[in-house]
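The chain that follows stands alone, in the form predicted on its own, written as C-alpha cells.
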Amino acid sequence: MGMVYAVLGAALAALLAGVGSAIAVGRAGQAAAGAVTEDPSLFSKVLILQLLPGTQGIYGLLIAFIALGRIGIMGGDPVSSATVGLQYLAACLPMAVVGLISALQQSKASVAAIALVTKKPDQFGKAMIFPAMVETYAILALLISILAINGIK
C-alpha cells in the first residue's frame, strides 16, 4: 500500500498543478489573442504574460520526478510501508494544491496585466509584477514539497 500512496502523491502533484496551468494558460491566451488582434506589435509582451501561469505545471512535474526517483519507480529504494507512502503523499500535496490554485489565480492576474498592456504598452514592466506576485506562492509550495520529500527517511 505504501507504494500506492507514494505514487498517488507524485501523480497528484503533476496532475493538479498541470491542470491548473493548462486552464490558466488557456485563459491568458484568450486575452493575449484579443490584445494581438488590436495591436500585433504586442505579441511578445502578451506571450510572456500568457506563459507565466504555466510554471506551476512545471513545478508539479518536478515534484513528481523527485518523488518517483526516491520511491523506487525511477531509482531509489522501493517504498514498502504504508506510513512512508503516506509521508510521500503528504509531501507532494503542497505542490499539488497550491499549484492548482495559484495557476488559476495567476491567470486572472495575467489577464488583467494583458488588458493593462493593451491600453498602455509602456507599462509592461509594471504589468509583469502582478502575475509574478502570485508566482511567489507556487515557489513556496515547491520548496516545501522538496524539503518534505527530502526529509522522508
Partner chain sequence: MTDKNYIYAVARVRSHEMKLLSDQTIDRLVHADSMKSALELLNGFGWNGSDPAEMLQTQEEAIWSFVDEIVDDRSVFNVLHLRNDGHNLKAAVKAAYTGEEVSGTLTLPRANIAPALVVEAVRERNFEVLPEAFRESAKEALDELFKTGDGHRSDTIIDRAVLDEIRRAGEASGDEVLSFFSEITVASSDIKIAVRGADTGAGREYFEGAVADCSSLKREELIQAGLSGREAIYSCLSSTEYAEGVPELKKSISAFERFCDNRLIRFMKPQIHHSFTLSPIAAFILGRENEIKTVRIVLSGKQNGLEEDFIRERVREMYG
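Positions refer to the first chain, counted from 1. Computed from a predicted structure; not experimentally measured.
The following text describes the form predicted together with its partner chain, which does not appear among the structures shown.
Novice: Can you tell me whether Gln123 touches its partner chain? I mean in the predicted complex, with a 4.5 angstroms heavy atom cut-off.
Specialist: Judged by the heavy-atom cut-off of 4.5 Å, Gln123 is well away from its partner chain in the predicted complex.
Novice: In the predicted complex, is there a heavy atom of its partner chain that lies within 4.5 Å of any heavy atom of Val98, even though the partner is absent here?
Specialist: Looking in the predicted complex, residue contacts with its partner chain do not include Val98, since no heavy atom lies within 4.5 Å.
Novice: Closest heavy atom of Val84 to its partner chain in the predicted complex, within 4.5 Å or not?
Specialist: So Val84 does not count as contacting its partner chain.
Novice: Is there a heavy atom of Thr55 lying 4.5 Å or less from a heavy atom of its partner chain in the predicted complex?
Specialist: No - in the predicted complex, heavy atoms of Thr55 and its partner chain never come within 4.5 Å of each other.
Novice: Which is the contacting stretch out of 66 to 74, 123 to 131, 30 to 38, 90 to 98, given heavy atoms within 4.5 Å of its partner chain in the predicted complex?
Specialist: Flagged stretch: 30 to 38.
Novice: Residue by residue through 112 to 132, tell me which have a non-hydrogen atom within 4.5 angstroms of its partner chain in the predicted complex.
Specialist: Sequence-ordered list: Ala112, Ala115, Thr118, Lys119.
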